[in-house]
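Heads up, the chain below is alone and in the form predicted on its own; it's given as structure tokens.
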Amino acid sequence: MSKTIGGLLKQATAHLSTRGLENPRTDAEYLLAFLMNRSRAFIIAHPEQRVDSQLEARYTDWIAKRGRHVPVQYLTGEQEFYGRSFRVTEAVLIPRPETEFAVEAVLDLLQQHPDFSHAVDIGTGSGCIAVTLACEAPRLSLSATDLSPEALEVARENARTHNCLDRITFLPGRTLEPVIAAGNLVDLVVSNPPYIGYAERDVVAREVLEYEPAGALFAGEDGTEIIGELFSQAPSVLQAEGFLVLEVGYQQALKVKQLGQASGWKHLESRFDLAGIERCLIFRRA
């Protein structure tokens, strides 16, 4: 006989509780709700409902993978960002709430500069920044670069899903190199670059270290290698009044501001996350 929702949740929670996960019950509920195409509130309220054997088998497989610290988002294949659902695979970094501060910074700059019409998203990954900007600012055309062909395919899929594929040009290549090669001039460069240093590997969460793409996480010994490249390259593609908007890591802002100043950039503004951490820095050429 097939198991009930309550029975499956009890079994799954017990398994995940032994695997060092922070929220075993929440994970168990969310994954079952996703598979059943129901809300968590529904499954909590209907513990007696039976689950068919095929769904039970798939759920058991997902719980086993989650027990090995596979991120929930890679199991479901989606993550919400700025109120929209984005397709994610192990080829791309999972979008995080902190990156929304970079999006908001760009949107504010677009309001202040109504003549701005072209932006570039560097290391686009899932396309969450580029697609969100295209949806929120219909006048904007964008280029989006990434070294990974697989990541660019995911980004294209997300652009297609959100009906903005016609306004984003996806370019394979490192940092701003493909934009420079194309000879384009833009008003804004925005990036959530790799910013973790190799020296910090020991403090990175297991599910991030083992499953998310290393190329989207690590950038040299201190995490500023890619940011340094952007400071060097951006003057080649930015209009005279253009801006560079960067997401940065925890306790990294001061180092990045100093690097920018040494490279001829003026730090104009910072955006802080809900914990009071500087997460987004806005620069203009000094």
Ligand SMILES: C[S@@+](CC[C@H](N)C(=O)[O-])C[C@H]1O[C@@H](n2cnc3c(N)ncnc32)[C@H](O)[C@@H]1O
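What you are looking at is a predicted structure, and each value in this text was computed from that prediction instead of being measured. All residue numbers are counted from 1 along the displayed sequence.
Just so you know, the form predicted together with this ligand exists too; it's not on screen, but the next bit is about it.
Heavy atoms within 4.5 Å of this ligand in the predicted complex are found in one stretch of 180 to 188, 198 to 206, 161 to 169, 125 to 133, which is 125 to 133. This chain is displayed alone, yet in the predicted complex one of Ile226, Ala28, Val248, Leu244 has a heavy atom within 4.5 Å of this ligand; that residue is Ile226. The contact residue chosen from Leu142, Val154, Ala216, Ala105 relative to this ligand in the predicted complex is Ala216, the criterion being a non-hydrogen atom within 4.5 angstroms. Taking the partner from elsewhere, His118 is found to have every heavy atom lying beyond 4.5 Å of this ligand in the predicted complex. Among residues of the shown chain, Thr175 is one whose heavy atoms approach this ligand to within 4.5 Å in the predicted complex. Although the partner is absent here, Leu110 lies well away from this ligand in the predicted complex, with no heavy atom inside 4.5 Å.
Contact annotation: Leu147 falls within 4.5 Å of this ligand in the predicted complex, judged by heavy atom distances. Although this ligand is not shown here, in the predicted complex the stretch 58 to 87 places no heavy atom of any residue within 4.5 Å of it.
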